[in-house]
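For reference, the chain that follows is the form predicted alone, supplied as structure tokens.
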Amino acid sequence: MRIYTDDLTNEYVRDIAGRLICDITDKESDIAEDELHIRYVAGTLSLVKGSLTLTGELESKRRLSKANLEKELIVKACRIRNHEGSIRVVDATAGLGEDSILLAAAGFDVRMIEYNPVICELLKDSMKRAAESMSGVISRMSLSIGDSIEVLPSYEGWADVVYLDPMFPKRNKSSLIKKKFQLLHNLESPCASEHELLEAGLAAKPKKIVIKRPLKGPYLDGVKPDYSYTGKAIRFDCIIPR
């Protein structure tokens, strides 16, 4: 994968290229019309393929007011009754951080894990930009790259909640898939290791595991939750480890 930028001297871009081990170009003609590539233009990092563009947009979240946050199902699902102090959440499938930002804005301390290095860079870039306008929220978020199945057990003693959002299976009708997630499917596939992921979450010994699922989708690894919060298109299954 290549990075296009209009400024080859930009050290930020060079650092990203070094971590991803990819070439940099400032010539549009080097990029094929339908080539999956990264672009850094006007201070923003994006993943691009043809007419599709994927950019982290944490700083443009419109649901971060206190009144709206109290209505968010993910916030309700991750709360722990009678818990003292900040609730600590491990978001083991961070993606672009769109769920983590809601939790951090609601006062949770969130540690994110992302497996794919390109998605990780998009999220880092989004956090960098968002910190300019919401530094307090971003300060409650941290990000690391890694395989959650391997890493989650190390969070034993820290995690109050483990949050899992395995990528939903591809649907038969492409019109039902948001265009930006078509690009994600170029980098990551739906979770094929459901049992291992759930077992890793349990190994962290949290007080609760919260799992995001399609409204009518099957339970993760076939495990029935203790209870669920249900919306119009998705639900949050809550498992209380015994």
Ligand SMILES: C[S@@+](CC[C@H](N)C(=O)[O-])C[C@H]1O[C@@H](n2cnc3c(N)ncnc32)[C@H](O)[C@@H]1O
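A quick note: this is a predicted structure, and the numbers were derived from the prediction, not measured. Sequential numbering from 1, following the sequence displayed.
Another form, the form predicted together with the ligand, is not on view; read the next lines as being about it.
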Revision key, fill the gap. With the partner omitted here, the residue among 159, 130, 106, 119 that in the predicted complex has a heavy atom within 4.5 Å of the ligand is 119
**Study point:** Option touching the ligand, based on a heavy atom within 4.5 Å in the predicted complex, out of 96, 87, 75, 138
**Key:** 96
Review point. Is residue 183 close to the ligand in the predicted complex, meaning a heavy atom pair under 4.5 Å apart or at it?
Key: no
Review point. If you check in the predicted complex, is residue 155 within 4.5 Å of the ligand, heavy atoms only?
Key: no
Review point. Would residue 92 sit within 4.5 Å of the ligand in the predicted complex, counting heavy atoms only?
Key: yes
Practice item. Indicate whether residue 38 is a 4.5 Å heavy atom neighbour of the ligand in the predicted complex. Key: no
Review point. Taking the ligand in the predicted complex, which residues of 65-80 have any heavy atom within 4.5 Å of it?
Key: none
